[in-house]
Structures are given as structure tokens and as C-alpha cells.
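Below you'll find only one chain, the form predicted alone, shown as C-alpha cells.
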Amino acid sequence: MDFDKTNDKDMQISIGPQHPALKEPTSFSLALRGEKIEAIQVKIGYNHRGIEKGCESRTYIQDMYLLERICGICSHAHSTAYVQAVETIAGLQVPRRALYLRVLIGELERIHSHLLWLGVAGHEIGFDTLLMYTWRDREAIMDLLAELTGNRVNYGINTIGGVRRDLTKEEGERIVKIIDHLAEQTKYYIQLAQEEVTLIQRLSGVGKLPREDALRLGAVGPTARASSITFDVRKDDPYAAYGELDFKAVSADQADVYGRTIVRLGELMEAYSLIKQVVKNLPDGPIAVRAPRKIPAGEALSRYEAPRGEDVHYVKSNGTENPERVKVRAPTLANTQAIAKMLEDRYLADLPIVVAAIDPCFSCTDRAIEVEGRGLMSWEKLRRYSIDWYRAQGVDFRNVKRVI
């Protein structure tokens, strides 16, 4: 139902933008009849950080570290998507060893993201034991990432033309040992998902997103693959070393939260296999080539299969040290449109797990929004508008003391 067509029999409530269900600010306006959701509006735009604009005043190397901070969970995804675009414009031939190492870090990141999601999903439905188990296992991956890159988050492994750190034989053996242990743990989680009646009944039929609606609304990643859409950028438009590795795009036909759980569990097993293939078949040679300080004029679009889905980076160069334009389309922005459909004819109690099922990152997603009826605004007009808006709300910053 259209939110504007609700009637006086419906109770309207707002959840957010600050509330305990999500750690990031977003707003849901709900029309309820009893506890049943009649209509919903998803409102984003509370956390715009100006990263895209900030890239224009920084060098290509500086932008790499700035873009890596779009998201703390998908930092390697954003970094790799960006450097791939820059390398394409510059015509750089990245060494195969570097491409394999990018896959290694990317799949370790996928594991830590999916284990984090499983824990959050368990918490949202009251299954806190699953949260404790999966987050315990995730710590092994976080420690491994810190050992390989120097950081648990925002790894800084990429550089334009390759990667910054190599992999030793001893590190490879340690990776395989940890991965074998996690694979056994994940088999238990798969068994749990297939046999635990309360989990199956709580997730099955919740957040339905039929295949045709997933295609129409542009869903990506596990959200789409749980609706029988076998699209995975790693398979359909291979980058890095994925074209040389053996794996499958995991999909399911349940088209609900349970299906999204099955997809992520299957992707964990595929990630373990990919990592072992990388360690076993890692090519010899350099890990980077020299990149020019000034990137030739041109433009490129780069795609990356982040844990949440397809991540897209567009870079336009004008021949200087700084890019002319950087545009990011994070997977959450694509999946947000499907939330209203997934909550049709559902209950208020289903909202947390349905929203959590797309694994949202609103820091990745938020952009500046156009003020209705005002068209394009200069920085000064936008500043003036914001001052006047806050004064109308009773907030006058002229009375705020400055800290020197």
C-alpha cells in the first residue's frame, strides 16, 4: 500500500533515525493496523559524509585510503573497486601475484562479514548463542587480517598497481589451518540451519521477495541470490584472479530471510575453498608495478562483489593528480528499495530481522538529498538554508560558544 493512502484506522509510528535496533541512523515511517504493517517508508540521508566530494580535492593515493573508510566491514571491497578503476584508466598491468592476494583478503573479509551477519541475525530473533559462537569464530579471521595487513579494519593492503604486503609460506600454512577449523564450525551452523525447528519457523516466509520483484527492484548480493537470481560479479564479470579459480555462485529459491541465511552459509564454504586455492596456487613474481602520479584523462567503471552485493565505483580523470569525479554505488543502496516489498503483510516484530537480512550499511549508502522545490544549491545557499532551518527549530548557533 502507498503510505500516502493510509486512513484514520491505521496508527502511524516512526522508528529512527536514532533507535536501538540499528547502530546507524535511518528512519522508518510505519502505518500499522494492530501489529500488521499496512505501509512503510524508508528514509535515508541522515549520515552524509561528503566522501565523494572530498575525493576531488585529494590525490589518487589519498583517495584510496579515504574510500576504504566508507565502510568498516567492506573496506577492502571499496578500496579494490576504486583502484581497479584507476588502474584501468592508467593502463596498468597488475601482477598476477597481487591479484591473487587481493582475492585472499577479499574472501577473508567476506568470511568476517558473513559471520558477523549470522551473529546479528541470531541476536535479532533471540538466538544469542549463535551470536556468541559466530563472533568467536570471526575473531580468528580478524586476528588473521591484522597479522597479514597490520589492521583488523581498513586493511590498507591495496595500492594503485598492486598490493603493499606479500604472503610468506608460513603465513599461508597458518591461513589454511585456521580455514580448515572454520570450515568444520560452519558445517555445524549449516546443520543447525537445516534442523533447528525454531530457527527455521522464525525465518521461513518472513521478508518474501519473489524473483520478479528482486529483479524489478534491483536487489543484489545474497538478497538477490536467495530469490533464485544466480548473479555474482565474481562469476559474471570476473576481476582480480576470480577467472582462474574454481567456485560457484550460491543461490536459493526460498526468497525469504531463511533463504538469505542459507546463501550466506553456502558462501562461507565457497570462501574457504577459494582461500585454500589462492594459497596453493599463488604465482611467483612482484606484488606491484609503479603507477604514475598523474593519471591520464579518461573514465572507468569498476564492479566488485562485496559481501552485501555488487559494489560499483566510477572514476573520471582529467590528467591531473586528483580525480575529477568519483561516484560510489554501495550494495545497500540497491537493496534498500526492496525493504518495503519484503515487509508487505508482515508484522511489526518482523521489521528488525527483515532489515537486518539485507545486512544494511547506511554509512555506505547515504548521499546528499535535494531539498524539494529548490533545485541545485550552491554551498553558500545550502549553508544559509541549514542555518535558517535550525533557527526555525529553535536552535541558534550564534549562542554556542566556540572551543579554541
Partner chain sequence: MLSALFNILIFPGLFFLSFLGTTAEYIDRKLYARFQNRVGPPWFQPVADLIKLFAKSEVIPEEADPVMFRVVPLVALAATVTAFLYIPIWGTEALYYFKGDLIVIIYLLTLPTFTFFLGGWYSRSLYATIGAIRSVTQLFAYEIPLLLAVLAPALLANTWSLSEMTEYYTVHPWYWLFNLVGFGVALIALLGKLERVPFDSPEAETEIVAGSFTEYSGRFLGWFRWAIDVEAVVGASLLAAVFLPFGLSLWPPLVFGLYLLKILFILCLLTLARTVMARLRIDQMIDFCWRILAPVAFFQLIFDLIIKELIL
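In this text, all values refer to a predicted model and were calculated from it rather than measured experimentally. Residue numbers count along the first chain shown, from 1.
Beyond what is shown, the protein has a form predicted in complex with the partner chain; the following relates to that form.
For the chain shown alone, Asp256 is not a contact residue for the partner chain in the model of the complex, no non-hydrogen atom being within 4.5 angstroms.
Contact annotation: Thr198 falls within 4.5 Å of the partner chain in the model of the complex, judged by heavy atom distances.
In the model of the complex, the partner chain lies within 4.5 Å of some heavy atom of Tyr133. The closest non-hydrogen atom of Pro360 lies beyond 4.5 Å of the partner chain in the model of the complex. Contact with the partner chain in the model of the complex, defined as any heavy atom within 4.5 Å, is confined among 190 to 198, 96 to 104, 244 to 252, 72 to 80 to 190 to 198.
Screening Ile287, Leu265, Ile179, Ile125 for any heavy atom within 4.5 Å of the partner chain in the model of the complex leaves a single hit, Ile125.
The contact with the partner chain in the model of the complex, taken as any heavy atom within 4.5 Å, belongs to Val206 out of Val206, Ala291, Leu167, Ile175. Residues of 328 to 355 lying near the partner chain in the model of the complex, listed in sequence order, are Arg346, Tyr347, Leu348, Ala349, Asp350, Pro352, the criterion being any heavy atom within 4.5 Å.
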